[in-house]
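In the form predicted alone, a lone chain appears below as structure tokens.
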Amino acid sequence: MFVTERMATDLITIGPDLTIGEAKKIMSDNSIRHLPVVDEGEKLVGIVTDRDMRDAMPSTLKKKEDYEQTLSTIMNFQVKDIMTRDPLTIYPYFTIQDTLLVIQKKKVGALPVVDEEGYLKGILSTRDLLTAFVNVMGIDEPGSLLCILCEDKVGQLKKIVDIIADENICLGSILTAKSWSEEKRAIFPYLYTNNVINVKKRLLETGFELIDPMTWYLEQSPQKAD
């Protein structure tokens, strides 16, 4: 799946000379957290986020009069004074997987999508990625998520899928993950049913180990040193 399938294209953009106060109102009125900043030719020159806005605000520890005076001054500064210049961007041909890795590595909440010449084409946020993930996983429909531990060898996934099919249950999606044990793999099928008693019974009879998905996550997460 490419970012063009999930990115927002009906964008609200601003110019670098807009005041911080005006930009803040736009963000508040439209309930958005990221404002791309473009020049007159619609080339991306920066981005303003809700964090940039918060960082620009005066300390609430100031006396009321000092706070209000400082705030009034700040609101008349221009967006170019606080925006992130030359922000991290992605291209329309990036995949959702590519974008997830970039966001995880760079710790950003949204990525402007630009063409090869730097013209803004859209923006992809963590919210868009979450929606894409829900769609791909099929978890927007009622069902049950199982966590199955099995030996990391060929044929195990087929056994699990065959059992699910034999029970005449629709499979929404299936993910696999390496366990911290080199000999184990965790398999997460999402089933379009809440009646999973027979499936669990057959999986156990076949020799698989079942654990709660959240328990697996907590146990497999790297532990911080004391």
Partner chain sequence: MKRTGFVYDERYLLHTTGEYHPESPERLKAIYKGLSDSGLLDKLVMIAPEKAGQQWIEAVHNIHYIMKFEETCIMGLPEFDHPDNAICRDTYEIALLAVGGVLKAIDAVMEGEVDNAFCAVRPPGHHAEVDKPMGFCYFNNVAIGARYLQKQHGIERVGIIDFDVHHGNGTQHIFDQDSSVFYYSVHEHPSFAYPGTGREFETGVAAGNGFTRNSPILPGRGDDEYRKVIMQDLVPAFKQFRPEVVLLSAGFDAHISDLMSGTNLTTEGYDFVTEVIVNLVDKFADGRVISVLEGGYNLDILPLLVENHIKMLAHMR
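Not measured: the values here are computed from a predicted model. Residue numbers count along the first chain shown, from 1.
Not on display, but discussed next: the form predicted in complex with the partner chain.
Comment: the partner chain is not present in this chain, but in the predicted complex one of 138, 118, 143, 122 has a heavy atom within 4.5 Å of it, namely 143. Comment: the partner chain is not present in this chain, but in the predicted complex one of 28, 69, 176, 195 has a heavy atom within 4.5 Å of it, namely 195. Of the heavy atoms in residue 16, none are within 4.5 Å of the partner chain in the predicted complex. Residue 12 falls outside the set of residues with a heavy atom inside 4.5 Å of the partner chain in the predicted complex. In the predicted complex, at least one heavy atom of residue 168 sits within 4.5 Å of the partner chain. Contact annotation: residue 200 falls within 4.5 Å of the partner chain in the predicted complex, judged by heavy atom distances. With the partner chain left out of view, the stretch that reaches within 4.5 Å of it through heavy atoms in the predicted complex is, among 144-152, 126-134, 82-90, 96-104, 144-152.
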